[in-house]
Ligand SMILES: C[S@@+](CC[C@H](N)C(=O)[O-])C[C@H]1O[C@@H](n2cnc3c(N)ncnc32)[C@H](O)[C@@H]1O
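The chain that follows stands alone, in the form predicted alone, written as structure tokens.
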């Protein structure tokens, strides 16, 4: 696993904005390879600990090895943060000193072709964060009707959604679309990029990943279930990587503040400095928003 590395995005900003208490349990709801958790534990005294959660059993194993030097200051659980209430109850945690959601997909998922996330690394049309999830990108592309596919990729910002969906249905009448390269090439043929820096299939791949992993629904549920767990003075930080996620977080935080009992810590999202983007190009679209419980 050493060939896969992941640089935590906005790590310094996250640590400085999230920590308000020097003891208690912090939650890293999207543990990944453990980068943010390591930064948090290094910044906190021995009295503080982190509960790390990841939906992907492979990632939970990677993080366990990476975070082993911290001993019992870190507890790793394989699970979905949408069930944070059940997870904390099982672990005997009644309150939380702070919580982080990093909604980016790990570099391992993009770099490991067999996971089927990347346009650039040819692999099966999979895209599942948790391999036990029955829904795959293959199922959507080869079995969903026109209306569902078109709606899915249109709401994720693809202006050629009708053209792309028609091409997918035409192609699958001949034979099933099996791989990321096959789908990417098909989209590039029917909706070529004109002066754009990203691959023509980028938004379609994003839409598939979001649908396969129920990302928007899980995000909303995760925030709602985290709210009662946070202690007064504790903060919740969320790092997003595309405008749809950011809009959900922005509107949810605004609603929380208007209801009372919460105050925004970041009036505008925190973005990576130019130096971080140069070092880690995957950070370029990251935005961090933080809210505090009163």
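Remember, it's a predicted structure, so these values are computed and weren't measured experimentally. Residue numbers count along the first chain shown, from 1.
Another form exists, predicted in complex with this ligand; not displayed. Remarks below refer to it.
S.K.: The chain here is shown without this ligand. Which stretch in 184-192, 95-103, 171-179, 118-126 comes within 4.5 angstroms of it in the predicted complex, by heavy atom distance?
M.R.: Among the candidates, contact is made by 95-103.
S.K.: Report whether all of 6, 35 and 56 sit within 4.5 Å of this ligand in the predicted complex, measuring from non-hydrogen atoms.
M.R.: Every residue of the spot touches this ligand in the predicted complex.
S.K.: Within 4.5 Å of this ligand in the predicted complex, heavy atoms considered, which of 218, 224, 142, 202?
M.R.: Selected option: 218.
S.K.: Wondering, does residue 157 line up within 4.5 Å of this ligand in the predicted complex on heavy atoms?
M.R.: Looking in the predicted complex, residue contacts with this ligand do not include residue 157, since no heavy atom lies within 4.5 Å.
S.K.: Against this ligand in the predicted complex, would residue 88 count as a contact residue? Criterion: heavy atoms within 4.5 Å.
M.R.: Close contact is absent here: in the predicted complex, residue 88 is far from this ligand, nothing within 4.5 Å, heavy atoms only.
S.K.: I'd like to check something about residue 29: if you look in the predicted complex, is any of its heavy atoms closer than or equal to 4.5 Å to a heavy atom of this ligand?
M.R.: Heavy-atom contact with this ligand at 4.5 Å: present for residue 29.
S.K.: Given that this ligand is not shown alongside this chain, does residue 81 nevertheless sit within 4.5 Å of it in the predicted complex, heavy atom to heavy atom?
M.R.: Yes, residue 81 lies within 4.5 Å of this ligand in the predicted complex.
S.K.: So which residues in 132-153, when you check this ligand in the predicted complex, have a heavy atom no farther than 4.5 Å from it?
M.R.: Sequence-ordered list is empty.
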